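Read the single chain below, which is given as structure tokens and is the form predicted alone.
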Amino acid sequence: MKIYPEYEIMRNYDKCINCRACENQCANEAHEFLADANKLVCDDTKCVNCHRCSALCPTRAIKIVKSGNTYKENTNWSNKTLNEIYKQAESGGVLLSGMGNPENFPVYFDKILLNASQVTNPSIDPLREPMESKIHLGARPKKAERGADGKIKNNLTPQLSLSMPVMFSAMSYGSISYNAHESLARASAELGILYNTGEGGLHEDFYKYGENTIVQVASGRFGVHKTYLNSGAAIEIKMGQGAKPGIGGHLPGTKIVGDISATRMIPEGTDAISPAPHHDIYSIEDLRQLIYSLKEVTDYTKPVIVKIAAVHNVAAIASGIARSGADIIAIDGFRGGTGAAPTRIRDNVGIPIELALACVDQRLRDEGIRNNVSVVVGGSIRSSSDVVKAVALGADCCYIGSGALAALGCHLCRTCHHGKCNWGIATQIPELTKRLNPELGHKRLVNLMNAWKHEITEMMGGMGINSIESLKGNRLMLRGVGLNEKELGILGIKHAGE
């Protein structure tokens, strides 16, 4: 059954000069030049709304608009619902989508406001007063201990040191391009933060960025070996991710080519499937064994992170992980982006990161084990204000993924799984990959993070706080708007005006 295109390409022929830039730039072949008619035409069915053509059109002759074509009005049976049924009736396949949950669920960060200082607790001018945005991640002792000589003992477990409370989240080599990985690695080194390899191993060219790298161990164990584990600053065990809790990973064989095959240590053209569970982990005790195996192979010099999806029993899970020997817990909310996820899972499984963070932080505090671990959160951290609110809710640090890709040019067209990213990010096609220049890409990431860091210190100064550590878990600096009593209770904040 034919489905009317979701987007339409509007071309102004009075402005079009037939330069054919749109045709050359569109990997989806939505534009075609008819030599006989000396005219460019469009195939709307192939348009994914990536904006490559409209952005690069020299005369602004093109714009992409949402189609106005609709079925008979029905609140229960929307256009989206009917189109999905028609697609599955034709293909018999599972629907795939990328780049996070787009549904109209509450975004709690947008319903939380920051407090500010006025007279009795004066604000701080971040341009003239020292502001501390540096953080350390890892377990912390409950108290300082002194040796026989009276000097304080260094009884800290391995720590990660960051210039600001933000890291680039896990995106594997293969799901994103070599140039995208290089951009993330170079930016992390320049900024003094870290990026995450994702579950695809680490290309040998990037070992030199090891001090700014988190290496991931997922259920498929792709690219995992002793040298890899020792190459990074920390190791992350991926138990789950926000876009698809309880679901494994899958990189199609069409993307397993060349260096990706070598890095993942699997034959070219074979699908890289990470099973849903780790087949050696079915309890907290099993997880503890893997944590200490990884610590053993790295001589106890690397902190170990355990990444989980934000689900309804996340507080209890986090409590177990905190007692299992992990140094850091990473929690990924249901708006987390990914290259490909089953649409039904992405849109219906998991909970918002704001609620998950608040309940985990409170549970760990109530049990007196909050200092056993640091807490990192991700899942649609979109701005510096989201970072500040997350820290005030109890996070030590935030992961950003989609925001970093947007800085590289991503327009969230949500067709990453097709492998034809026109911006050179989620593709392995050489002609497309080269569109992302790592020299420019890493500078854009550095610019974004420097801007966020400046805004974070400004907001902290407005609250009369000069250290990010003083903001952590300081929920008195937050107020809710338009939230019910239950939501306010879980978040642990008061309503605006109280």
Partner chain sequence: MFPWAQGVKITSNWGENMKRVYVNEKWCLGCRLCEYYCAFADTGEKDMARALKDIKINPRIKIEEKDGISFAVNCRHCREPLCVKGCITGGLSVIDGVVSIDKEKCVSCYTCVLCCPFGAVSPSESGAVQKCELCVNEGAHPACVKGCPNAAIVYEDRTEAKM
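This is a predicted model, so every value here is computed, not measured. Residue numbers count along the first chain shown, from 1.
Absent from the display: the form predicted together with the partner chain. The rest refers to it.
By the 4.5 Å heavy atom rule, the three marked residues Y13, R52 and N437 all count as contacting the partner chain in the predicted complex. Under a 4.5 angstroms non-hydrogen atom cutoff, the partner chain in the predicted complex has A21 among its neighbouring residues.
The partner chain in the predicted complex is approached by Q25, whose closest heavy atom lies within 4.5 angstroms of it.
Although the partner is absent here, S67 sits far enough away that none of its heavy atoms falls within 4.5 Å of the partner chain in the predicted complex.
The closest heavy atom approach of N179 to the partner chain in the predicted complex falls within 4.5 Å. Between 427 to 435, 468 to 476, 42 to 50, 448 to 456, the stretch whose residues reach within 4.5 angstroms of the partner chain in the predicted complex through a non-hydrogen atom is 427 to 435. Scanning 52 to 73 for heavy atoms within 4.5 Å of the partner chain in the predicted complex gives R52, L56, P58, T59 in sequence order.
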